[in-house]
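Quick heads-up: it's one chain on its own, the form predicted on its own, in structure tokens.
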Amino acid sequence: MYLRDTIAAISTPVGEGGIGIVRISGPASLPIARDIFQAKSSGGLKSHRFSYGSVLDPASGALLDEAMLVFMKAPNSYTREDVVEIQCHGGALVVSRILSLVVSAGARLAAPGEFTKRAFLNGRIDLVQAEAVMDVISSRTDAALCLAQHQREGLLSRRIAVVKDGILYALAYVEALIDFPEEDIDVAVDTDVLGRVSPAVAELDALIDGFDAGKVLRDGVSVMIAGKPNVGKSSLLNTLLKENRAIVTAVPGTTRDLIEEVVNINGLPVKLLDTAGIRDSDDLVEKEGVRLSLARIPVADLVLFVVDASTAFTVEDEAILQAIGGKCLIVVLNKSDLPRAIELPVGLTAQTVAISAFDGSGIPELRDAIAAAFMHGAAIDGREYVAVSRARHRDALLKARESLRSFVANLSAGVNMELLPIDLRDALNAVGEVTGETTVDDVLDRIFSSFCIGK
């Protein structure tokens, strides 16, 4: 990347809209703006002040659109470079024509995520905050958005900084003992160094332990509704969605295809999958639906095994239970508004929730059980809630923790003092991979290539 060139892109979604935005960043931003934009008032373009005017083709003088333009002088901008944003009417043609003018005036088209990458390279944000920008854009629930905003604001980075400070203190202390053996330095290494390393390890433990909850908030989970025909699977789907998405009839085998919908369950993005009732059938279409249902069981994160609580547990129910196998499972006892007749198998230890898709009883408890299966009690509604949500972060923190544990073990075993800094430097490098201080270029390219163009 050439940080001294000027980049440009359309920063609003493709299609028609009320406003379209063309963003420019780099040293030629202001000259380009002056070349194609004619303000209605005198006084020039002032930083962080909107100017109303016309976008003109410099070659012909033709009017492209009336627009608002804002200039943000470095370093007080998103990228810490001179930035110009042109806000015009949101038609696809007019926005693309303005972008073409900007490129003709000296800018080049930005790569995906290049504005945010420049913000990172110019030190405005670290890599955790940069990745969180995309998570903010793609959040599907309030809880996921809250987590992403906390990461973008630097809450996760500050917790990682605590770990880094502990490692740096230990490294400086040990290296001082090695480099200046003649100096009068307190040699109570076990007390002083472990007093800083132990809290760092504890913080790493907490961050790593929170990964599962953070990941499901960011990525969501897949929950499959399984059971034999007419136990109320489609009714349950409709109840959780609060809309009539699936057809419900008294005819067994009504659902023959897979129905997928995303729903917010206690802040967790959940992809619900309603399946064909699993049973033996001579109907070719229903048979294919059953095959698809069985094929999706292994890839579901959680299975809601729905049974009719008003009838006995049947051979068909047992066959479905066997097909589910060792998957994470909640047994849903539907039709609890009717007299209960079911007796579950003695060896079945899965959590059970009694509901009625007919009158809605038990649905709040089922929602709580689904969320608890993934969140493990994490207080996702807290204003200070922060968690690791990317595998890249978790893997780097695992390496850091392993290196610190190795350091503590070697220190306790009386290993030669000159060997102790190795583990500390490895831990420091691993922590730096998270925030981008020691991340290699190809990893950076891969991260930012997943961004949308214009961000």
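In case it trips you up, residue 1 is the first one in the sequence shown, and so on. Computed from a predicted structure; not experimentally measured.
What follows is about the form predicted together with ligand GDP, which we do not show.
In the model of the complex, no heavy atom of Asp368 sits within 4.5 Å of ligand GDP. In the model of the complex, ligand GDP stays beyond 4.5 Å of every heavy atom belonging to Leu302. Using a 4.5 angstroms threshold between heavy atoms, Asn334 counts as touching ligand GDP in the model of the complex. At a distance threshold of 4.5 angstroms between non-hydrogen atoms, Asn230 is in contact with ligand GDP in the model of the complex. Residues of just one listed stretch (221-229, 118-126, 160-168, 86-94) have heavy atoms within 4.5 Å of ligand GDP in the model of the complex: 221-229. Of the candidates Leu204, Val270, Ala357, Val102, Ala357 is the one whose heavy atoms come within 4.5 Å of ligand GDP in the model of the complex; the others do not.
Between the options Ile297, Leu338, Ile342, Ala172, the residue in contact with ligand GDP in the model of the complex by a heavy atom within 4.5 angstroms is Leu338.
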